[in-house]
Structures are given as structure tokens and as C-alpha cells.
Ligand SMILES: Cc1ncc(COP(=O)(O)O)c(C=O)c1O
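First comes one chain, alone, set out as C-alpha cells in the form predicted alone.
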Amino acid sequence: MNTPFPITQLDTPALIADLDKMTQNIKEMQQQIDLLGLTLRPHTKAHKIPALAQMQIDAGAVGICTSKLGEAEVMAKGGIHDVLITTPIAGAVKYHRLIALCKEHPKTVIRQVIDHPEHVKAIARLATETGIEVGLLVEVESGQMRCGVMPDESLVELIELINRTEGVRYDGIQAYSGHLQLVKGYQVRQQTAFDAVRDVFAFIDTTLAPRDLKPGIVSGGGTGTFAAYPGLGYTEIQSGSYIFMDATYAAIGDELCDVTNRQFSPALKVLTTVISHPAANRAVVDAGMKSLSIDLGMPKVTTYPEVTYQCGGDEHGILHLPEGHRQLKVGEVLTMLPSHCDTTLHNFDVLYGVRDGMVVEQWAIEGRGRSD
């Protein structure tokens, strides 16, 4: 972007990021991970923008994560050279796309998470035919009861299958407890996260290591739990939401406070316009479910913290004003703090970077819609 312009010129609903807060969040997380002696592999499902991924790498990240193959295609095309796809894929179309992606970007390290022999066999067959090798991480059940093999002999069998199969390479393990990222209360969250993977690392030490199957990479952790694993064998942390934060993360607590997280600053906001004021205690804005996701609750009205937001449908948000609150002006622009940064960002085509009331950057959200 060449010419900055006042934020007041943005039409609404509009998605904005405070650049000073965002860049400080990037710096702070990298410093925290460095102090832990680990590497950072940010999860870009939070922003889906190659330029922001590059900012994280420039700050010291080893590479990035994507949830979906489609996001990985966007990141590789955008010049990111180290990508971990954290969700298993299945079906002939997906397997062919993965191999094509690796073939198209031979200088990019692309690793795929798997948890079933079918994944190994299908990927290996196509990789061998194409003359390439694909690095695999085995997902291990870590309390979420989603994907992942149990830390038992089934894990050993899967690793041994990879090791004896041409076209694939055993690069490590993914142990991610996504369901614990938003547990409220710092000490409770840290202990719960530690306990969730204790058996995984015990199995690595007692069974995998003696059989020369110890993983070179152990990837996991997140914004809420990145510091929860002292003494365990993680090598890299997959934190993602820290770059933006949101109302839900802001309420999980930190070392000093159980109800407010101040490690990172909420940087992502949505601008919305008052379009109606049909009653003294009720106004309507132009940001509904198609702008502000509500999967983790309602967004916060940062312009007027005493005002509460209610979803009014696809296109409308309803504001409830306390008794005696001044009337809002039709046409007034308000700032909202999303409850969930990932799913809110997925509603927009463009993210505007703002500083001191001016729009100084704008990025196409290139991974929007790439849930394929």
C-alpha cells in the first residue's frame, strides 16, 4: 500500500488490525518461546495471510502451520518455505493435491500430519511415482478425542510402517490439546495441559526411544498453553491466536490474574456503523453473523464497554444500552472486539492495518474460504 488514508474513510463492516499491538504480539511470543528454549511454528489459521506469516518468520519462527491443504497451497504460493499441515487428509483428490504441491515447490519443506495406515500408503504411493519424499508427523491423542492414535503399540506400528515405506519420512509427532487453550485460570490451564500429554511423553521415553523411534519433532501447544510443558519433550509450539487475540482469549487469565490475559494485546477489531436507533435502549449496527462470528460468544463493544451486543441475524447486530445512556447517532462508527479471531477473520476479504488513526497497510486474506 502506497498512500495512507484516514480510518474514517473505511466503509463498514471493516476488519482492522492495530499494527503496533500486532507487531508487539509477534515480538513477545517469539521472545517467550526463545526463553523456553523451543522453536515457534505459528498457526496461520488465525490470519491466513502469507505476508503476516512472513512477519512471524522474520521475527524468528521456524515455519508455519496450516489447518488445511488449501491454506498450505496459499502459503507456499505466497513464498513461505516451511509448512506443516496439521489436519489429516483423505481421498484421492487430496492426496494428488498434496503431491502436486510438493512437486511445484521443491524448495519448500511441506509436512503432513497423519494418524492412519491408509494415509501413509496413499501418500507414499503417489510420492514414489512422482519421485519425491513427503515428511509425516503422526498425530497422537492428547485429550481432545478428535484425531490421533493412542500412545501405545498402534503408534509404534504406524511409525514402523512409515520407516519401511518408500516415499514418506518419519519426521515426528504432533501432540496438540486444542480443547485446553481457553481454560480459565492460568495455573489450572497449565496443569491440565501438562497432564493431558504426560502419558505421550512417558511413552516416547519408555518405548519409542529404546526402539530408536524417538521423534525428531514434537509439535503442539498453543497461545493458552505455550508455557505449560516444562521438562517434557516438545520441540516446537503452534501458537496462532496471539497475533490478534480476541475477547475470549483476553478472559482466560495469565500468571498475575485469573480473569484477564495481558500477555498479548487485542489487535483485531471490526468497525461497524449504527444504522438504526428504534428505541432509547436499543440500537442496530451493520455487523451481524456474516461479519462477527459468535461461535465463542458475543463480541464486545470497545467504544462503549457498558453496551452489550446481541446477534440480530446475518446482517444486523443489536446493541442494548443501559438506562440513561446517551443516544447513539445514526451513522456513528463503533469498534467491536471479536469473540473469536479465527472465524471472524474468515468473514472478510481484506484486513486493514492501522496506526494512529490512519490505514497504512492492507492485505487480501488469501486463505479465506480455503477450508479445502
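The structure displayed is predicted, hence computed values, not measured ones. Quick note: we count residues from 1 along the sequence shown, nothing fancier.
Form predicted in complex with this ligand: not shown, discussed below.
A.B. asks: Closest heavy atom of Q181 to this ligand in the model of the complex, within 4.5 Å or not?
C.D. replies: The answer is yes: Q181 has a heavy atom within 4.5 Å of this ligand.
A.B. asks: Any chance G240 has a heavy atom within 4.5 Å of this ligand in the model of the complex?
C.D. replies: Close contact exists here: in the model of the complex, G240 approaches this ligand to within 4.5 Å, heavy atoms only.
A.B. asks: Would R146 sit within 4.5 Å of this ligand in the model of the complex, counting heavy atoms only?
C.D. replies: Output for R146 is yes: heavy atoms within 4.5 Å of this ligand.
A.B. asks: In the model of the complex, is there a heavy atom of this ligand that lies within 4.5 Å of any heavy atom of G221, even though the partner is absent here?
C.D. replies: Output for G221 is yes: heavy atoms within 4.5 Å of this ligand.
A.B. asks: Work out which of the listed stretches, 40-48, 53-61, 326-334, 305-313, brings a heavy atom within 4.5 angstroms of this ligand in the model of the complex.
C.D. replies: Result of the contact check: 40-48.
A.B. asks: Find the only residue in Q174, Q112, S291, T272 having a heavy atom within 4.5 Å of this ligand in the model of the complex.
C.D. replies: Checking each option against this ligand in the model of the complex, the one that comes within 4.5 Å is Q174.
A.B. asks: Can you pick out, from Y170, Y234, Y249, F203, the residue that has a heavy atom within 4.5 Å of this ligand in the model of the complex?
C.D. replies: Here the answer is residue option Y249.
A.B. asks: Pick out the residues of 61-94 whose heavy atoms come within 4.5 Å of this ligand in the model of the complex.
C.D. replies: Stretch hits: a single one, T86.
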